[in-house]
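Below you'll find only one chain, the form predicted on its own, shown as structure tokens.
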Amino acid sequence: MQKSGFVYLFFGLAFFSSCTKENGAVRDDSGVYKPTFVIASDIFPAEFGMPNLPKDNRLTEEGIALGRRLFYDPILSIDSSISCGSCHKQEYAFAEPVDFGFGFRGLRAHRNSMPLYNLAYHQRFFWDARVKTLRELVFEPIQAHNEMAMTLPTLRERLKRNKGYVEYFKKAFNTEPNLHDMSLAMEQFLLSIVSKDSRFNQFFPGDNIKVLSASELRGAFIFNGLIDFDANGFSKGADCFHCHGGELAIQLNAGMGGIASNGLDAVSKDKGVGGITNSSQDMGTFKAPSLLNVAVTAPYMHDGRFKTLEEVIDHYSEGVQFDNPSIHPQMAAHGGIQLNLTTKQKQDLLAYLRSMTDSTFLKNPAYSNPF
């Protein structure tokens, strides 16, 4: 027993002499760190299914931590005054409570800031769906003249000169600070942001009706009900689920409503997806956002025109511009007839939408400002 104990002690000392752990990152004698891989099922709930995560950018504790730090660091803007977190605030589901955000020297953004959560399940990003990966996404606001106005050579040198980032990049990627790994780290952080604990998620797909009030439950039937006009011209359902369905309250299939015109204007003022594809059928179409946490993401639509959820419901009830040539077929199928929801129906639908707020997510310290 004594000899056996000596052997275990010897090998234990040998291990620790060749491999040490510093702030969660394991480092061997050669100075190479071994990042701590994150188990995807610990982040993404089984109810949502496992997303198609990038195979060349596995989630690690160190990578996510670096990405979170970069997200909140104003060093990414040309005058070090604006961070990603300036226009994407956690308490608003990483949206911003203004129609157009303020960027470098007070310049205004061209569209409303979209919320950031459950992005691992998305295949396209931005209102006009112009980007396919989050690592591409992060470079756009950084370089936009009216947002962070940064130049990439300047940013590269800033990161290299920052002693803190020299350490963080080493632990996450075993590299010196560089723009490619910066984008991978920010991608990891954005992928890790998950909203899953609203009462709507506890209810969906209808197995646990006890978590909703009577009004919210009636709203659920309206939200998921097909258009069916009664003798007085009022619809029993609002057909919301075709563009905002499932556990994620979003339609990720473009053909089913993931990219759509919802009849905001008879003639679209913003080309939207059409400005990217140059296709006439895409003019005035936009990526439909998730409705999770919708009660805290005002104002609404790509241009922030609606200040309240009541205004949004009014639009879908009696304000749809059916003359819009790009209006989604699912809405065109209404035959140009407004839903004309009753006051009671609107109240119930509003109550159901408010059940989608995930208070745990809005306060989760894992997503908060680390500075």
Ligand code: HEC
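When you see a residue number, it is the position in the sequence shown, counting from 1. The structure presented is a predicted model; accordingly, all values stated were derived computationally and were not measured.
If you look for the form predicted in complex with this ligand, you will not find it shown, but the lines that follow are about it.
Asker: Thinking of this ligand in the predicted bound form, which stretch from 96-104, 206-214, 172-180, 158-166 has heavy atoms inside 4.5 Å of it?
Answerer: In the other structure, the partner sits against 96-104.
Asker: May I ask you to choose, among 287, 196, 199, 218, the residue with a heavy atom within 4.5 Å of this ligand in the predicted bound form?
Answerer: Flagged contact: 287.
Asker: Exactly one residue in 43, 59, 309, 65 has a non-hydrogen atom within 4.5 Å of this ligand in the predicted bound form; which is it?
Answerer: Looking at the other structure, the residue within range turns out to be 309.
Asker: Is there any non-hydrogen atom of residue 328 lying within 4.5 Å of this ligand in the predicted bound form?
Answerer: Looking in the predicted bound form, residue contacts with this ligand include residue 328, since a heavy atom lies within 4.5 Å.
Asker: Does residue 235 make contact with this ligand in the predicted bound form, using a 4.5 Å heavy atom cut-off?
Answerer: Residue 235 lies outside the contact set for this ligand.
Asker: Hey, in the predicted bound form, does residue 282 get a heavy atom within 4.5 angstroms of this ligand?
Answerer: Contact check for residue 282: no, nothing within 4.5 Å of this ligand in the predicted bound form.
Asker: So in the predicted bound form, does residue 69 come within 4.5 Å of this ligand, heavy atom to heavy atom?
Answerer: No - in the predicted bound form, heavy atoms of residue 69 and this ligand never come within 4.5 Å of each other.
Asker: Please determine whether each residue of 37, 185 and 273 possesses a non-hydrogen atom within 4.5 angstroms of this ligand in the predicted bound form.
Answerer: Result no, not one residue of the spot touches this ligand.
Asker: Where, within 121-138, is there a heavy atom within 4.5 Å of this ligand in the predicted bound form? Residue list please.
Answerer: Contacting residues: 122, 124, 125, 126, 127, 128, 130, 134, 137, 138.
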